[in-house]
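Only one chain is shown below, in structure tokens, and it's the form predicted alone.
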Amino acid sequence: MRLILVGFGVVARSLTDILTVRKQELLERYGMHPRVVAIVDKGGSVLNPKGLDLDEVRRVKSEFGTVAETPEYGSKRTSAVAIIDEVDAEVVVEATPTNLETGEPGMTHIETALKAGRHVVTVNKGPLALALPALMEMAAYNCAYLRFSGTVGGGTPILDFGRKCLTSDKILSIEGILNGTTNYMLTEMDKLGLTFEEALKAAQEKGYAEANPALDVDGWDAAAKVTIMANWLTGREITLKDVSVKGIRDVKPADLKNAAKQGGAVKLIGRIGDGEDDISVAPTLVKRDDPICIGGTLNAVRFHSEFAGNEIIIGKGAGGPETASAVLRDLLEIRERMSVN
């Protein structure tokens, strides 16, 4: 299986680490011999049809800031679209930053790959939140697979659990904590009596929140994940504009004290209810004895299905190695489907 990596940040580099460490195991256990033939980052690209030396590429990236400086195989001129179009590979791994306004540049990368009949694994929520129904249709038309389990829950298999483990049941509703940054902030506000501003500063100091935290604190990251889950797990063809979104900027210490008096805590909850329009993200009072009332940076999702009732999955919602493990999970699924077909 030949791979093109578009974006070479923490997740993609972690993926190359895992592919290197597990190389023999992947071959012996799954009959999979992944070969990264091209990598593209902001500075350019590196290409070797025979397969790249991943240790060397990681060293160059660390030392020079771009894979384009790789001796012999690096280039500062080649674009991602040209690489996707022209380089022979079965799978494109799209790992550029999320853009929830236009979905770019990830949208173009994914569309280019699918139109070329290449399978796609992405950890980029932007294109999926804005156009997942259309992208799934494009993938089907071009006989390609589009997989994205790392976009919700990082390495925690939330999408796979809902899609595979509940395949014999009907999911009636889904709700949970989908953003670790806001969960950390609300936990600290509850525990220490911090204001929103104080909790945000603490989250930024620990590296949990970006310098511009709008995607997290205004609820859009969680809303993107709700959009993906609604499409993939309940069959609703929606986009981000169909989700009612409210973030945590207006949550005050008094709100948390009031919740505590009622035996609960305030959490940013993403919800997909049983009504067509019941899709939302909002600060919500959750009882402390509710299993999804977790603290810190964890994610927790409850599935309510027709026959099995309630099931809850809890785990880390982000992190390079964790999300890279989800990418590998998707690659293994594609490898299995390719071998069958």
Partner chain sequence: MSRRRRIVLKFGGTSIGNAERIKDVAKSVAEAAKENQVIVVASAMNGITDTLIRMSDLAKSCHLDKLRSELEKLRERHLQVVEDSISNPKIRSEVRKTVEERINALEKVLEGISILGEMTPRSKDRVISFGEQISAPIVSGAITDLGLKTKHFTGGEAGIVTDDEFGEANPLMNITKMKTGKTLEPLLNEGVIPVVSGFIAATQTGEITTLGRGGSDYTGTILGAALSADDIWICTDVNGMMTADPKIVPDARTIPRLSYAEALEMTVFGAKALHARSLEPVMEYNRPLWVKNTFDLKHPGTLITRDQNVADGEVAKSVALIRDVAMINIGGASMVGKPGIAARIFQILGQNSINILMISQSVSEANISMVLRRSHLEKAVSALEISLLGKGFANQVNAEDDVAVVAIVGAGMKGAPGVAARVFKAVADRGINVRMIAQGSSELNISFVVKEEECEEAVRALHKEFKLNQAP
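Residue numbers count along the first chain shown, from 1. Please read all numbers here as calculations on a predicted model, not as lab measurements.
Although it is not shown, the form predicted together with its partner chain is what the next lines describe.
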| query | in the predicted complex, which of 124 to 132, 87 to 95, 139 to 147, 228 to 236 comes within 4.5 Å of its partner chain (heavy atoms)? | reply | 87 to 95
| query | Tell me, which of Pro49, Gly296, Gly65, Gly309 has a heavy atom within 4.5 angstroms of its partner chain in the predicted complex? | reply | Pro49
| request: Tell me whether Lys257, Ala259 and Leu285, taken together, all sit within 4.5 Å of its partner chain in the predicted complex, counting heavy atoms only. | output: no
| Does its partner chain get within 4.5 angstroms of any non-hydrogen atom of His33 in the predicted complex? | yes
| Which residues from 1 to 15 come close to its partner chain in the predicted complex, meaning a heavy atom within 4.5 Å? | Met1, Arg2
